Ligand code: ATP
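The form predicted alone is given below as one chain in structure tokens.
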């Protein structure tokens, strides 16, 4: 996997900002506090640690700050008010993160109030008229059993001045923002506005995306659940394909710019014959194109299963020219094109193919988190509270090289993660599906 269009971080760029010096003793009575000089290497290969043996130049080590409780905190817990907001599309685990934040803030730090901002950043805008929800341990105790977000969500930017005005009116000390890279960019503008006013308000980001494409987040929460849910649809497609003569099962999954759900689902099922992702362009026609490869598979085995990410093959379609409230380009329907071309291809040969199309996209993102994601979300929420109480701001909680870490928002939003089609990971997908290494004629 690789992060495209992004520079490698520097030692200076990974430093975490604070709203002020931490002077208050941490009230947590058990566990181990993180030492301030502890650090997590960004790159852990032998070459990056020891350097190139042919070069006399010593490698420059780059570290992320480890997450966890500190022995000193900035905010006085008895006078601290927190706020939580969820932004963008739905994702498994949102309620789990909200619950973890509330439980850690109320039980570990005895914070008197945690507010829930309804319907994303729009909830900060007075004209929208959305009420604020008081999030108590009893209120959130069972929300993790349900999909979606108990606070609701929305897309689209809001004026950072309006957001900070609302934070001041509500006397909020720590804001937890849960969302994707667009939300983290919005959070950075909120941090800048807070700094401009000289306020002591901490902003902590929790990265969320169903596509698993956020830079230096490995993986994003909810991804494990989405793969598990997609795998169920793929198994259904396989049953349909093998249960009819000339049977083809096609499943479209989410993946606007990155095909992680499609690739990981293909690996988990071992029943997928073609995995089409945005990072790997293909031709439909021609002797090396997709239809030629599918034709060979069908005449040899009599059935096929295709998994296609929603962002795959967009160069084969006319651009929609539309965008959603977040500025994301509205994708054209690659699955509809493939279905039409496949049936026409075999129809010209006098073959009546049976094609069953399954689109589980919104089921994938709206189900409750599975066991692994629930555990992951709990740690993210707990570490977010520790970071906020210590006075850290402008950071994202992530898991990197097996450790929970603090990463500056500027580093996370510098680029997006993509599948490297020259990597061993993608090679494993090709070995699993048996599809050609390339389906481009040139």
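Residue numbers count along the first chain shown, from 1. Keep in mind that what you see is a predicted model, and the values were worked out from it rather than measured.
One more form of this protein, predicted in complex with the ligand, exists but is not displayed; see below.
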query: The ligand overlaid from its position in the predicted bound form: site open or blocked at 2.4 Å backbone/C-beta; finding: blocked
query: Location of the ligand contact in the predicted bound form, chosen stretch of 71-79, 182-190, 355-363, 242-250 [non-hydrogen atom, 4.5 Å]; finding: 182-190
query: Exercise: residue 88 in contact with the ligand in the predicted bound form, heavy atom 4.5 Å; finding: yes
query: Interface membership of residue 203, the ligand in the predicted bound form, 4.5 Å heavy atom rule; finding: no
query: 4.5 angstroms heavy atom contact with the ligand in the predicted bound form for residue 121; finding: yes
query: Any non-hydrogen atom of residue 297 within 4.5 angstroms of the ligand in the predicted bound form; finding: no
query: Listed residue that, although the ligand is not shown, lies within 4.5 Å of it in the predicted bound form (heavy atoms), from 345, 339, 288, 155; finding: 155
